[in-house]
Structures are given as structure tokens and as C-alpha cells.
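Take a look at this one chain, the form predicted alone, written out in C-alpha cells.
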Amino acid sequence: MTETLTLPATRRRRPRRRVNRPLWIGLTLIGSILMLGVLGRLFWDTGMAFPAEAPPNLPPAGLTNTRGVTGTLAHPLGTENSGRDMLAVLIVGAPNTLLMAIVAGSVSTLIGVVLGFVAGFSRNRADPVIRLVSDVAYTIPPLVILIVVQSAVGEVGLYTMALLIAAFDWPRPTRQIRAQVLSMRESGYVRTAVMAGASPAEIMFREMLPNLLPFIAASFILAVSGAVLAAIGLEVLGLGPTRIPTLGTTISSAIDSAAIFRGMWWWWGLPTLVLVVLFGGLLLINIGLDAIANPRVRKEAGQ
């Protein structure tokens, strides 16, 4: 009687799930700006972010300006012509700019989610009205309206400016969320929930909303990026919160004082560099969230 030898079955190796690098790198960049504002206040005198608190026109430490003055470690990133320390300005201004953009993006995204759900899920008169209002508002140039409003209002604060920006940015997320809800409303699991007798609130919050969270997060990041652009545009034109240090007001004061022609590159270059980091982080986060929300992108990335 012959014995048959059976070879042990080889274990199949599970494919490694790749790390969502764009998302983590973007979160690290945005986190570094937040940490700059949190830790910087503990180790640096942020009172020097306001005028007449430091010697004017000092270059960064170890460098010499056109007048032959050498920078010191007391002001490692230099100062500008009104006597503000650039390190203190960045510690205060960068988080202020990000905070203003987050508030504006949160408000516009929240309005977009509510109106998008109402317009996309309901089959009554709300959908045509919301679609018409959002389409009309989408065609209005927001920067021109914001310039007129801020010129009439005068000095505004961070939160007021954020609300003004959000008031003209809600049509984009509204249209995007509405399109997604219209598509999901015809899906199989939503029809199954309807046949099972689920209420509209249960369908929206239990069935649709969890599947829309990555898309809503991506829409929120786009809203934050748009808010930063709008805020910088207004501040460079001199219409922002002039008494509160932000990246845009710093660049605006550098332009008004001809810092480029005077060779004071640190005055406008450093806040511009922080803006590049900010936009780069938001872009990478958006790419990472797109890989999560879009199955085709996730499949191509091997995640």
C-alpha cells in the first residue's frame, strides 16, 4: 500500500497596505505650522510681533544688510522697518491665517453639506430653489464683493473676515455635495433602506453621511485653501485686519514699504515660504483624501 505524501500548503502573503504618504506628509506640514504657534509662544516673546518692540531693519542673524548692519541672535530672523521681530510675526501670524481659513472653510462646508443634502435628497421645490441660488451666487466674483464690503465696513477682525469669505464660498460645496447625494440616492443600499421603511433622517445620517465623510473632508480642505487665497488677496490689497499679525498683512506691509527694492528679502520672503508650506500641506492632504474617497485612485495607488 503506497502512502501519498501531501505537501503543506503555502501561506499566501497578504499584500502590504501602502501608507497614504501624501496625507501624512500634508498633516505633518500643517501640524508644524500649528506647533509653531503653540510652542513658539512658550519660548519666544510674541509681544515683539507688534511695532516698536525691536530695533528696525535688522537682517537675520549672521547676515549683513545694505547699510552694513549685521543681524544678531536676539532677532534670528531679522526685523522690519516698524520694529517688529519676524520670528514673533510668524509665530503669531501663521496660526492666525490658518485659523481664519479653517473658520471660513468650516462655515462654508457646513452650509454646503446642509443645503446639498436638502437639495439632493428631497424631491420637492427645495432642490430647484437651492440650485438656482447657488448657481447665481457661483457666478458672482467674490473678491470684488469682498473688496466693496470691507471698504464700507472698514477695520475687521479675523472672525468677521472669515465669515465674509464663507458667505461667498458656500455654493461650491453645495453643488458638489448635491451631486454626490443625487448619485448615492439611486444606489442599491439606499433603495434597500427605503424598502425597509427607514426614515429620511436615518437614510441621510446612517447610510449616506458615513460614505460621504471622506468627500466632505476633501471639500473642506478645498474650502480652506480657497479661504487662504481670498484672505491673502484682500490683505495684500490692504483690506484685511491691519492690527492683527497675519501672513497677508505682513506681505502687504513689505510691499508698501518697498522691501523688495531695499533688499529686505526676509520681510516678504519668510511669510511667503510659510504660505508655500501651508498650501503644500493642504494640497497633499487633499490628494490623500482623494485616494481614500475615490476607489479608482486608491486602486492605482495600491492602497
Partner chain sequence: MRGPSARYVLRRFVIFLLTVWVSATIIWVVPRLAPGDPVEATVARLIADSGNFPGAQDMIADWRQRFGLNDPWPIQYLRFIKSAVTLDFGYSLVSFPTPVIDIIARALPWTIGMLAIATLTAFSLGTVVGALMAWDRTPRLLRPLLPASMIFTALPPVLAAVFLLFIFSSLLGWFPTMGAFGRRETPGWNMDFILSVIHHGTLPALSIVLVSFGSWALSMRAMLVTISGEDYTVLGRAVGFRPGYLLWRFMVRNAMLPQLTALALALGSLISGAVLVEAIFNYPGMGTVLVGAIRDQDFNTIQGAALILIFTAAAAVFVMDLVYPFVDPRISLEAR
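Quick caveat: nothing in here was measured; it's all calculated off a predicted structure. Numbering follows the first chain given and starts at 1.
Heads up, the form predicted together with its partner chain isn't pictured, but that's what we're talking about next.
Proximity of residue 175 to its partner chain in the model of the complex: non-hydrogen atoms within 4.5 Å are present.
Residue contact check for residue 265: one or more of its heavy atoms lie within 4.5 Å of its partner chain in the model of the complex. Proximity of residue 168 to its partner chain in the model of the complex falls within the 4.5 Å heavy atom cutoff.
Its partner chain in the model of the complex is approached by residue 237, whose closest heavy atom lies within 4.5 angstroms of it.
For the residues 148, 213, 179, 126, the 4.5 Å heavy atom test against its partner chain in the model of the complex is passed only by 148. Stretch 139-147 is the contacting one of 199-207, 139-147, 103-111, 216-224, since its residues have non-hydrogen atoms within 4.5 Å of its partner chain in the model of the complex. Of the residues in 202-231, only 229 comes within 4.5 Å of its partner chain in the model of the complex through at least one heavy atom.
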